[in-house]
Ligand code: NOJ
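Shown next as structure tokens: one chain only, the form predicted alone.
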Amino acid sequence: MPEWLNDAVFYEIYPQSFYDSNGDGIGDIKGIIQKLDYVKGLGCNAIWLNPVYDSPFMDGGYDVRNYKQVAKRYGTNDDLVNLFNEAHKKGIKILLDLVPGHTSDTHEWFLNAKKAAENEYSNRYIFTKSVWDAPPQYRMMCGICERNGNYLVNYFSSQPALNYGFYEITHPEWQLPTDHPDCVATVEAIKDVMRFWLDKGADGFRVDMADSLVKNDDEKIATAKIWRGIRKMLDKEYPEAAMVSEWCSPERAINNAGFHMDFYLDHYGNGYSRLFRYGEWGNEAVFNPNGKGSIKAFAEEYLPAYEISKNNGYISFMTNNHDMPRVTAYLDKQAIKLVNAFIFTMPGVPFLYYGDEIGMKYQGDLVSKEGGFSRTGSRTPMQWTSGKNLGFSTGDETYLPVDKSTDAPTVENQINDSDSIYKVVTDMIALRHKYDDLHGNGELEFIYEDGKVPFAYRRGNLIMYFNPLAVESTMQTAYRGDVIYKIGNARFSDGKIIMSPQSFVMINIK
């Protein structure tokens, strides 16, 4: 296990929307390099970089045309190596986004696989034996290539699924077992991609749709076996490299598959959702001030997952990501401050999505761009200054429109505002680095009275109290200590803590 993960705080960068260095309206790698000091100033010591590979961009770069080539709009391979080097000089790690489950339908592998004549790539993807064979339980593209067969896709029609085999074979005429040489070759091809970038200085990978490899594998037994093999390769050849999975099943992803981290994702009704987004526009979320949320419902899901995985890896909370509406669509400014206090004091390895530190808005009325659809509104340009294009680009037209509202938050107008989300985010990250009790995994005890709120949790000698409600609230507490940080106000009296509306208090009982 790479030791650096224990005190890691990641910053997710959507490259086309972060900073444009050449005025073409699209963010690029040189722009990221220019903003590394900003990332470091946040307290983030690691970056998750969304895909920068060559792509036709039918799905924002998650349709890879060439895994070993940087897309021209972002720069060159040398630019990416320079980013690795400059980040490392500043003590910042870089995880690339690995997309192992599918490629673009313009990838060289797939162009060969579509040919009628058999070749070394014929089984790199999953084709039926006949164009008339299209079982309805599979998502397939039919009749669009010279090869007599239909092929499986993982997501959009332009994303053919790579062939790692089938755990349960229901159509032996075209489904291969996972130990078939051609399926093993797919695994080796992905290992080759990983080695290519690790040798150039990457520090690991965030793995897209990590549970999607083997088909008919409901319990993910065969998929986990593949990832264990990849983890074995990393442990032997790149022991400091790390992987985080898009899985949202710590027992499977961490314990069974060998990932170092697993994202706690926004699946409706799960613990993450219940904290921040549950109900109609979040009206039953724990951090909604109307008080309908249940911390017990969250804890009963999260704690067993935490206990079973904490000795093997980290559960990762995120403020948002490129696939989710920004939390500004659901919660008010004060609630968002408490959300950040929670995320950066919980166990695991936290991820901060670009722009969340200044409270960027979710622009839900935008026309879909590059397969974004409802996700497009969370991918808009970073807002740096009050100048042209809010400081994102000097160009006349930007990849996506910037926030045109008069109260658009920017780094410029938030960084010195004592009442800003930025201040809470940077303060909490600094405290996380300062106190060992807030690092990675360790002691965690939830404290609540009736499953509702307010609530608290203890990590070592630190107690975090939260009152998300819009009214002053009281809870029993046996703890007293020095106040380290607070949002709002609180006082201790007769074995109780009385907290002002939407407040947070951290105390040290040492």
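All of these numbers come straight from a predicted model, not from anything done at the bench. Just count from 1 along the sequence shown to find any residue number.
The same protein also exists as the form predicted together with this ligand; that form is not shown, yet it is the one meant from here on.
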Would you kindly say which of H260, H107, R379, K93 lies with a heavy atom within 4.5 Å of this ligand in the predicted bound form?
R379
Contact residue in the predicted bound form, chosen from K296, H322, K220, R147 - any heavy atom within 4.5 Å of this ligand:
H322
Do F455 and this ligand share at least one heavy atom pair within 4.5 Å in the predicted bound form?
no
Residue-level contact is defined here as any heavy atom of the residue lying within 4.5 Å of this ligand in the predicted bound form; does H439 satisfy this criterion?
no
In the predicted bound form, does Y62 come within 4.5 Å of this ligand, counting heavy atoms only?
yes
Please check if M209 has a heavy atom lying within 4.5 Å of any heavy atom of this ligand in the predicted bound form.
yes
In the predicted bound form, which of 331 to 339, 152 to 160, 231 to 239, 347 to 355 comes within 4.5 Å of this ligand (heavy atoms)?
152 to 160
Heavy atom of each of D54, R124 and K191 within 4.5 Å of this ligand in the predicted bound form
no
Only counting heavy atoms and a 4.5 Å limit, does any residue of 125 to 150 reach this ligand in the predicted bound form, and if so which ones?
none
